[in-house]
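Shown below, as structure tokens, is a lone chain in the form predicted on its own; questions about how it binds or moves come after it.
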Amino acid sequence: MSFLADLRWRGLLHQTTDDTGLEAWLEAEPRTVYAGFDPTADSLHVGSLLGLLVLRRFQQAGHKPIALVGGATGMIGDPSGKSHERNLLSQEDLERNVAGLAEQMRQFLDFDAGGAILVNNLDWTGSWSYLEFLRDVGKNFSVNVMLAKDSVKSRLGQPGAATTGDGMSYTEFSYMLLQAYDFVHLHQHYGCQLQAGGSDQWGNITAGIDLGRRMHGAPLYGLTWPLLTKSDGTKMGKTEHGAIWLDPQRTSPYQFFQYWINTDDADVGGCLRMLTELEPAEIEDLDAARAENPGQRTSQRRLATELTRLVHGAEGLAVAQQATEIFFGAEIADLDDTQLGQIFADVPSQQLPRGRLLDGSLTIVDALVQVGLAKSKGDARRTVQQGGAYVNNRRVAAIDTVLSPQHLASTSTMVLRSGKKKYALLQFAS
């Protein structure tokens, strides 16, 4: 398959400005392509990952990607796909977010020998005066054309928008001009002729193409990928606890791994195509195996493994797999307090003075009652006698077992279990 045909097979091609011409143009020689990422947080999330991986595919195919961090556009906030205006970030927050995103991008793109380029649009817009912007850029835009863009129409068409002021501010309305000029600047200084983005960026991309034609007669292209959604239409990468982030401090490797392990059968095939670098033949084999025996969840395990390795490396994957095995009864060892807290974030926990481990006063029976795994001491004794009491997934056989520092799974945490899946944590403070 050609590069564009592979994108199409993977479901990564939503729209292009010239299907036939773009394919031949990409095959003719290495090209420069850019995609932008606004620094709304100090980490990218799963939705942003799709864009990074598209740039990565371009680089692997021999093209030169430009990753743009929007230090300028981030000051405004993209109205595309939003029903309300974003809160404006402070300069300090923006600078921190820009630095965080730039560091993460280096995990996915080769900015050294591979020739990828990292830019910040504040570098070429920060020195503009308002009058310069209006004269040099604004005069090339038709307000009628801007009003026809979906990102604008949807906001202006909200009930009462004209009278309540809830439609769209002039600041947001100007966002399109800034992003359009990014494309022109990158064409002039880096020879970039292709902008890629999510399907909600179509209006901004075509505005940039039109601006490049008006200002310099430049032949520019655009393509979009579909937004990452589930089969029910909701956004992928969202949980009841919030977004799935690429930063391990926000979403641990274990939580990241578990998110993909729990992918629905209706969604996992699309995720394998769009988010992994597996060959089509292997993906089709996984599709066939899933249809024949969905209970094995082979596709989900493959997806979770590939994405966790890509985002968190071999070490992060090993920790995530070890944590998963713990829930299937593997003994708990070589984990720290933070990792245990992330793995068992949703189980009950209690804190006791560390002295209880030193004075011989804490028995397994007391501990089970303390964390709520037994209603009474009698209930706890029965649990132990019936072989259902565990410390760090090791069975405790004697009801008079006294817990000591040797029973800790980490510096200050002990993992208790009753039966097959009822867990709780005991944490010991100095």
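Start at 1 with the first residue shown and count on from there. Under this definition, the rigid core comprises the largest set of C-alpha atoms superposing within 1.5 Å between the forms. The shown structure was predicted, so the numbers you read here are calculated from the model rather than taken from an experiment.
Heads up, the form predicted together with the RNA isn't pictured, but that's what we're talking about next.
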Problem - Touches the RNA in the predicted bound form: Q350 (any heavy atom, 4.5 Å) - result: no
Problem - G47 within 4.5 Å of the RNA in the predicted bound form, heavy atoms - result: no
Exercise for the section: Give a yes or no for L118: in the predicted bound form, does one of its heavy atoms lie within 4.5 Å of a heavy atom belonging to the RNA? Expected result: no
Exercise for the section: Check whether R297 has any heavy atom within 4.5 Å of a heavy atom of the RNA in the predicted bound form, and answer yes or no. Expected result: yes
Exercise for the section: Mind telling me which stretch in 374 to 382, 48 to 56, 62 to 70, 32 to 40 gets its heavy atoms within 4.5 Å of the RNA in the predicted bound form? Expected result: 374 to 382
Exercise for the section: Give a yes or no on whether each residue among R395, G419 and K422 has a heavy atom within 4.5 Å of the RNA in the predicted bound form. Expected result: yes
Exercise for the section: Using heavy atoms only and a 4.5 Å cut-off, determine which of T324, T276, S169, Q255 is in contact with the RNA in the predicted bound form. Expected result: T324
Handout entry: Proximity to the RNA in the predicted bound form, single hit among S231, T239, N262, Q249 (heavy atom within 4.5 Å)
Key = N262
Exercise for the section: Taking only heavy atoms into account, state which residues of 171 to 205 are within 4.5 Å of the RNA in the predicted bound form, ordered by sequence. Expected result: none
Practice task
Take the rigid core as the frame of reference and indicate whether the C-alpha of G388 shifts by 2 Å or more between this form and the one not shown.
Solution key: yes
Practice task
Spell out whether the Cα of F328 moves at least 2 Å between this form and the one not shown when the two forms are superposed on their rigid core.
Solution key: yes
